[in-house]
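We begin with a single chain expressed as structure tokens, specifically the form predicted alone.
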């Protein structure tokens, strides 16, 4: 760990958004999952969510550019459990879903706690998931095709959320609680050491102002 890298890690963590996230319902192609996580990292998402009927998610590919190291991914067994977990935390769920009630994705206020719900590559958001969403959003299409690839759609919507949050000043100061910030910073800076402490149920040590472990 160098002081320069430590400052870089802190700079990124300072801009993480705990109240913006994405929920992927059965997004099963590894390159799509990885691309969505790459976008999540780019817009400052702290934790992403996924639902897969097997209880797991596909293997990451190089598309992610290592994003899985920086965006925590919580896997849920069912869409109902995922939606309940997020709504209990005050999130509004916006499904990328072509429906009669859908509105232009730019009309949504993403400065409030927001979830972008994305469906499987071929079928989109399921009826079960759509019923749990608070609203549907669409990306207006001017060509022959009706929709974008799921990872491209995620990028379009999430960068609109980033634009709104930048204007609102939500990236101007750290927004994670102190303990989450400290824990995450240690895991980012010292992943091997963090695994060692977790395996033994030990608390993480403190870091000094240069990012070195205090012995």
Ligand code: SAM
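Since the model is a prediction, treat every value here as computed from it, not as a measurement. Numbering follows the first chain given and starts at 1.
Not on display, but discussed next: the form predicted in complex with the named molecule.
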If you check in the predicted complex, is residue 138 within 4.5 Å of the named molecule, heavy atoms only? yes
For residue 104, is any heavy atom within 4.5 Å of the named molecule in the predicted complex, or not? no
Residue 124: heavy atom within 4.5 Å of the named molecule in the predicted complex? yes
Contact with the named molecule in the predicted complex for residue 166, defined as at least one heavy atom pair within 4.5 Å: yes or no? no
Only one of 38 to 46, 167 to 175, 146 to 154, 180 to 188 has residues with a heavy atom within 4.5 Å of the named molecule in the predicted complex, and that stretch is 146 to 154
Checking 96, 82, 114, 129 against the named molecule in the predicted complex, the residue with a non-hydrogen atom inside 4.5 angstroms turns out to be 96
Answer with one of 71, 86, 108, 120: the residue that has a non-hydrogen atom within 4.5 Å of the named molecule in the predicted complex. 120
